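Just one chain follows, in the form predicted alone, and it is written as structure tokens.
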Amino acid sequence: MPENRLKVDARGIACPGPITELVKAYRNAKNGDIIEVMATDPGFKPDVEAWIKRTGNQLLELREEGGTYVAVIKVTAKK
């Protein structure tokens, strides 16, 4: 079964907005889904790393592209 890919555009939103948007997407996701979050707030990078550690989901990629942080997360910890 192909994974569902959820895209979250949180560019231009100040902290804690990007993580809040990620959590909203996560609530609607299932194990195996991919959530891709784009954010411009530099605080998003440490926030998403902390969220991954706390929730046990899988961070596939975290990169910066011209001032935009892109996090690609695989949902693995839904109960």
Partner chain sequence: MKKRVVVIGGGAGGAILANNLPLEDFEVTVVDRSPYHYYWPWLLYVAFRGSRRPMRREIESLLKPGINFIQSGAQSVDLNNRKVVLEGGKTLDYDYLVIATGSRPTYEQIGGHEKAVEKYGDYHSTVENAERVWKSINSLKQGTFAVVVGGDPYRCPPSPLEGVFLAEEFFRSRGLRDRVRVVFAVPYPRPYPAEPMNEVVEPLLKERGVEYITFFTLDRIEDDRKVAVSMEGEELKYDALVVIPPHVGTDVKISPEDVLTTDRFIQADKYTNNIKGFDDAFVIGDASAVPVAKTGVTAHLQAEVVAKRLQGEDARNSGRTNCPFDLGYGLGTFVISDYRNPVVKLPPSRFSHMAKMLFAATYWDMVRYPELWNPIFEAYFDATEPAKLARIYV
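Fair warning: this is a prediction, and the values are worked out from it, not measured in the lab. Numbering follows the first chain given and starts at 1.
This next part talks about the form predicted in complex with its partner chain, which is not shown.
- Proximity of Ala14 to its partner chain in the predicted complex falls within the 4.5 Å heavy atom cutoff.
- Heavy atoms of Lys24 reach within 4.5 Å of its partner chain in the predicted complex, making it an interface residue.
- None of the heavy atoms of Leu62 is located within 4.5 Å of its partner chain in the predicted complex.
- Not displayed here, its partner chain is kept clear of Gln58 by more than 4.5 Å at the level of heavy atoms in the predicted complex.
- Judged against its partner chain in the predicted complex with a 4.5 angstroms heavy atom cut-off, the residues Thr20, Asp47 and Ala50 are in contact without exception.
- Taking its partner chain as it sits in the predicted complex, the stretch 61-79 comes within 4.5 angstroms of it through a non-hydrogen atom at Ala77, Lys78, Lys79.
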